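First comes one chain, alone, set out as structure tokens in the form predicted alone.
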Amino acid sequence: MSDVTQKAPKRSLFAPDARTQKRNRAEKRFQYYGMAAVGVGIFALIVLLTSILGSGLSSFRQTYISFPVDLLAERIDPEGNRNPAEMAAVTTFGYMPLLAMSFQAHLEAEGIEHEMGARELAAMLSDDAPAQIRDRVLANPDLVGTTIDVQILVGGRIDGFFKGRVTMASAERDRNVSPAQLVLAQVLADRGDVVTRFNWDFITAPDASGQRPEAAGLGVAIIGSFYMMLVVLALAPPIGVAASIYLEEFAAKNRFTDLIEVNISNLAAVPSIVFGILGLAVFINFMEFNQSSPLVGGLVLTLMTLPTIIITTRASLRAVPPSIRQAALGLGASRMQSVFHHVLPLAMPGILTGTIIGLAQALGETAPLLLIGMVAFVREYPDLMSTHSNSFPLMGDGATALPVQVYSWTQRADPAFVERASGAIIVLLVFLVVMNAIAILLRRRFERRW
């Protein structure tokens, strides 16, 4: 028998074999999957922003009408004493006929033809317009008996006509507006008596009733959110960071600390509405805090934010190499000195990032605030400090918040509130973008390399 010598196939480093080609194809497919996932996410974000901006940007513009108003003394000051206390007895219902007559007289003086009566003309004006004139007269009683030029809000349907939300076809089916009113509004706009301009009142004014969407604003909601975030900022970061430092650097590793860690992780996954139930039971029913006050809202959001801050802070502390601690202890530093002088500064970027993200999450929460009554209609700005029966001074009477205001407006019948809700979402997104930008800047500012 003779040995059969088999020659090994020649392979080149520059010619990939079948196994390598299969691995490369799998890698390419994974890259395509990742690119597709990113593309889907970007597309969904574009669709979301387009929808919100398309329906919400118009809320930052509002339509106003200008004409002279005769402030007849016999109607708004029957006693003739020019006493604001006596004049306050005349409600807004007494000012609306005054506006309607002045509007009709203005149209006649300018030779503008129309076939509408005083009631239909008055319907073109906002229900908030009499309140604007009344407040102006009460602030300056000397205006009684004079003729003043005013610029007041038009009704929600007229405003929607200039924003493209109301058309002639829809007006024929709508009992709140008529095509004749839209025609007259267009004539006045061509003359310059009706203008659409930037609406600062949307940001500064309080909420309005369901019959006055054109006068609704976010002022009270912004102030309420600001008060709540002050409470969260004063409580959540100090408590969360202190608890994290103790658990990570000083606490003994035993079953008790393991139980605490498990519960913290579980609390981070608990639905936010559960914290609302807890706040309702403890802070309102047991401690008798004022319902819908910013203090209660801030305490509830603090409880909800603490697990997030603790988890992110502990992760940041754990990311610091043990050699930093060992070197500090080897040079004679105490355990506290090694933590606060060396470990904590290195972990600060992650701590700040996690804290701000937790605060941003709290700013956008709605469910827990609904359970503590912050969905109530609030017409006046809340006081920073007020008293409540059977309790100590509380932070604010009644308030609402930006996400709750969005929810409230989406529940109202008038379609103009959908525009207002989208505008409120834009404001809320701006706040969230600013907070996340601050987190990125702080991370880069305090980032240290070792």
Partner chain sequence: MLSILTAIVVLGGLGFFLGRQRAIASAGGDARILHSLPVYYGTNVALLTVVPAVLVLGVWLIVQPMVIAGAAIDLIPEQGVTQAGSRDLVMSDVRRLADGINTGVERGAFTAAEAASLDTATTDIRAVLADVGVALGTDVEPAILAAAQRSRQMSDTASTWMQVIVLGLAVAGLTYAWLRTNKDLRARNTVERAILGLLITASTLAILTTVGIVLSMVWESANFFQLYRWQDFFFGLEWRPSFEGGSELGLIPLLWGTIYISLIALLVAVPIGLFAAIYMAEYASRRVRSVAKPLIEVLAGIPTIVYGLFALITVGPLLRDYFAAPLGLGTSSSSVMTAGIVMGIMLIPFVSSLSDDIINAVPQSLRDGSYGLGATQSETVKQVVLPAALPGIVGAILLAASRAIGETMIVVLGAGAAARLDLNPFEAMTTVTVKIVGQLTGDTDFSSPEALVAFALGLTLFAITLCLNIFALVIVRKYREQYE
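Positions refer to the first chain, counted from 1. Throughout, rigid core stands for the largest set of C-alpha atoms superposing within 1.5 Å between the two forms. In this text the structure is predicted, and so the values were computed from the model without any measurement.
The form predicted in complex with the partner chain exists for this protein as well; it is not shown, and the discussion that follows is about that form.
Screening A73, A105, V183, A268 for any heavy atom within 4.5 Å of the partner chain in the predicted bound form leaves a single hit, A268. Interface residue among V195, I112, A118, A367 relative to the partner chain in the predicted bound form, by the heavy atom within 4.5 Å criterion: A367. The partner chain in the predicted bound form comes within 4.5 Å of a heavy atom belonging to L259. The shortest heavy atom separation between L429 and the partner chain in the predicted bound form is within 4.5 Å. At a distance threshold of 4.5 angstroms between non-hydrogen atoms, T410 is in contact with the partner chain in the predicted bound form.
Contact check for F202: every heavy atom lies farther than 4.5 Å from the partner chain in the predicted bound form.
Stretch-level contact analysis of 214-222, 336-344, 87-95, 171-179 against the partner chain in the predicted bound form, using heavy atoms and a 4.5 Å limit, identifies 336-344. Within 4.5 angstroms of the partner chain in the predicted bound form, the stretch 53-84 places a non-hydrogen atom from S55 alone. In a rigid-core overlay of the protein, R318 has its C-alpha displaced by at least 2 Å between the shown form and the other one. Comparing the forms between the shown form and the other one on their rigid core, the Cα displacement of Y33 reaches 2 Å or more.
With a cut-off of 2 Å and the rigid core superposed, H341 has a Cα displacement that reaches or exceeds the cut-off between the shown form and the other one.
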